[in-house]
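First, one chain by itself in structure tokens, the form predicted alone.
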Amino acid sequence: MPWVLRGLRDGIVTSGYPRRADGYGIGFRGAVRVLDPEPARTSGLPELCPTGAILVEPAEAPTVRIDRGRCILCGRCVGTRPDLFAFDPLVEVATSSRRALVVPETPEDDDEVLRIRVQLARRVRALRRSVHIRHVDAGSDGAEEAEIAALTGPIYDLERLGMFFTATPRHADVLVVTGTGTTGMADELRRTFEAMPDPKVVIACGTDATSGGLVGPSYSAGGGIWELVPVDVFVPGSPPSPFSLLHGLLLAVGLLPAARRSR
């Protein structure tokens, strides 16, 4: 019985998240943050990003912001301008507002997030026990699927939180969508959404689903799946980590601990 010996040797490997914070350490590339929103030199900054995630807002003192919904974490901005950009080991990056993925946040963004969060909490009040998840690949490169598969392993153990994947949308409470929302998957995605009973929640998983990533919008791919179905929670990243996906799922159904509901 080698599994017994392995269990005694390794102990409990399952994460305690969300009851207690967890992550991947200080070297993890969870998100890009702006060190100086009003730098002295802004020339050439937008050209650093292949997806247009760097925004320079014109003003007397130009403001630099990062759209995490478009960021693919390639690191070009960090490598070229380490005085201005840095990687953040943050894993709780999901938000219920697309606009709130643009950081640093503004007071208007915070107000919008709070308003949407309250509306979502009221709508999903019934989804507090057993939650069933339907995943749809709407044109992804497969990276997000690998991270989603990790949720069912012993480290993250999604089922300990009362969440289960289902093969049919008619039993699903949450729709997790990966990919850009390609033309060939548009109708199938809409039919899946319409087949789900109310109340239901849609999560855009990854940069492709949030904004189209490197390939969208184009003749075959959209600028994010929010153009096809209403999205309640956006989880940025290319791909988002399993902890980020857990954060998005918990945020979607109102099971995130109160201390971490402000984002």
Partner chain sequence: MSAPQPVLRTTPGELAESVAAGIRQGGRLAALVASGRDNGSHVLRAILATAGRLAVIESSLSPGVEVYPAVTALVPGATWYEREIHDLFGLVPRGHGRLDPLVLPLADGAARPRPGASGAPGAVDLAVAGLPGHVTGEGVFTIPYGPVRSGVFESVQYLVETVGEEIPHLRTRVYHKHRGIERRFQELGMDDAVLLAERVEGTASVAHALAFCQALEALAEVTVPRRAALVRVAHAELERIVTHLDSVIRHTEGAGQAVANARLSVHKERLLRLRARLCGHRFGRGVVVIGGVSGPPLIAPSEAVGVTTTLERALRADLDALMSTPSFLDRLRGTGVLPAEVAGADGAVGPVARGSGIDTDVRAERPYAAYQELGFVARIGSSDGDALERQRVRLDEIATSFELVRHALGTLDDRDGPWSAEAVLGAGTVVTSVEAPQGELLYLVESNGTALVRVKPRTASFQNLSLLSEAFRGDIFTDFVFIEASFGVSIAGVSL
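Numbering follows the first chain given and starts at 1. Note that the structure is predicted; figures quoted are calculated from it, not measured.
One more form of this protein, predicted together with the partner chain, exists but is not displayed; see below.
Worksheet entry | Interface residue in the model of the complex among 112, 92, 147, 105, criterion: non-hydrogen atom within 4.5 angstroms of the partner chain | Of the listed residues, the single hit is 147.
Item to complete: Would you mind picking the one in 185, 116, 163, 78 that has a heavy atom within 4.5 Å of the partner chain in the model of the complex?
Response: Only one listed residue qualifies here, and that residue is 185.
Practice prompt. Indicate whether the partner chain has at least one heavy atom within 4.5 Å of a heavy atom of residue 33 in the model of the complex.
Written response: The answer is no: residue 33 has no heavy atom within 4.5 Å of the partner chain.
Fill in: Non-hydrogen atom contact residue 50 with the partner chain in the model of the complex at 4.5 angstroms
Because a heavy atom of residue 50 falls inside 4.5 Å of the partner chain in the model of the complex, the answer is yes.
Worksheet item: Though only this chain appears here, would residue 142 touch the partner chain in the model of the complex if you measure heavy atom gaps against 4.5 Å?
Response: Result yes; residue 142 sits at the interface with the partner chain in the model of the complex.
Worksheet item: Taking 4.5 angstroms as the cut-off for heavy atoms, does residue 215 touch the partner chain in the model of the complex?
Response: The answer is yes: residue 215 has a heavy atom within 4.5 Å of the partner chain.
Discussion item. Quick one: 24, 29 and 239 and the partner chain in the model of the complex, is every residue within 4.5 Å by at least one heavy atom?
Written reply: Looking in the model of the complex, the three residues 24, 29 and 239 all sit within 4.5 Å of the partner chain (heavy atoms).
Worksheet item: If we take heavy atoms and a 4.5 Å cut-off, which stretch out of 78-86, 175-183, 116-124, 95-103 is in contact with the partner chain in the model of the complex?
Response: Flagged stretch: 175-183.
Worksheet item: in the model of the complex, which residues of 217-235 put a heavy atom within 4.5 Å of the partner chain?
Response: Those in contact are 218, 219, 220, 221.
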